[in-house]
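First, one chain by itself: the form predicted on its own, in C-alpha cells.
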C-alpha cells in the first residue's frame, strides 16, 4: 500500500513533468519555426535546462516576487507565467504578444517578470529591484538568472558586494552549463563559481543535479533564507543545454552531448510517473501547443495597418 506521502510526491512530479515538457516542446517548436522563417529575430533555447526554471520558480510567489532573466529566458517565462500564447506571438512579431510583438525573444516584461539580452546588465537592475522591495517592506524576493558566461563581467561582482553590504533580498541563480556560447568555461573561469559569491559573505549552495525535485527543495530553502534574513543567497546549478547556443552555432563534441542526455531532466522525472499518466500529460501538452501555434499564426502582424 502506498504511504501517505506518495500521492503528494507523485502529484508534484506530474506537475513538474508537465511544466518541463511544455517548455521542451515549446523550444523545439521555436527551432522548427525559425528554420521555416516564421520568427522575428533570433532565439536562444533552454533545451536540457528546464529543471532549473521549474524547480526554482515553483518556490516563488509570483504575485509579489520578481524574476529577472536573460537571453535564454523562455523557460523562466513559461514557468513564471504559463503564457505560451503571449510568448509565441511575441517571438513571431504578432499583436497579442507579451510586449505587443515588439520586444522579441530576449526582451520580455509581464507582471513581475523581466528579461534582457545584454549579459551582465541584468544583475545591477535586479539588485536595484531588490533594494526597492526592501525599502518598500514588501517581503519580496528578487531572483536573477545568469549563466556561467556572465561571470566574466565585473558588474556582477560589484552587485554581489552591494547586495551583501546592504543586505538585499536577492537570489542569484547561476545556471552553469559549462559554455559561454561555444567557449568552454574551463578556458575562461579561474577558481570555483561558488567561491565567487562566498567571497562577498553570500551564503551559497552548489548542486550538480538535473533532478527538478532536488532543485526545488534547494530553492525553497534558499528563498526562505532570503526572505527571513533579508540577505542575498547564491544558488549554483550545474546543468547542460542540448541545443546550440542560438540556432546552429555549435562546435561541441557530439559524443559529449549524447553522454549528458542520460541526465535529461525529463527522463529523470518522467521515470517517476506511470507510463499512462506520462503519455496523457504529453498528449495534453501537444494539443495545447498546437492550438497556441495556430492562434499565433492567425494573429495580426504587430504594427500592420488595420
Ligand SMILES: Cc1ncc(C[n+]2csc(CCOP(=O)(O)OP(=O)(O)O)c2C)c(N)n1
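Given the structure is predicted, the values throughout are model-derived calculations rather than measurements. Residue numbers count along the first chain shown, from 1.
Separately, the form predicted in complex with the ligand exists; it is not shown, and the next lines address it.
Looking at the ligand in the predicted complex, residues 117, 150 and 180 each place a heavy atom within 4.5 Å of it.
When contacts are judged by a 4.5 Å heavy atom cut-off, residue 196 does not count as touching the ligand in the predicted complex. Using a 4.5 angstroms threshold between heavy atoms, residue 71 counts as touching the ligand in the predicted complex.
At the 4.5 Å threshold, heavy atoms of residue 278 stay clear of the ligand in the predicted complex, well away from it. The stretch that touches the ligand in the predicted complex, counting heavy atoms within 4.5 Å, is 117-125, out of 221-229, 117-125, 84-92, 97-105.
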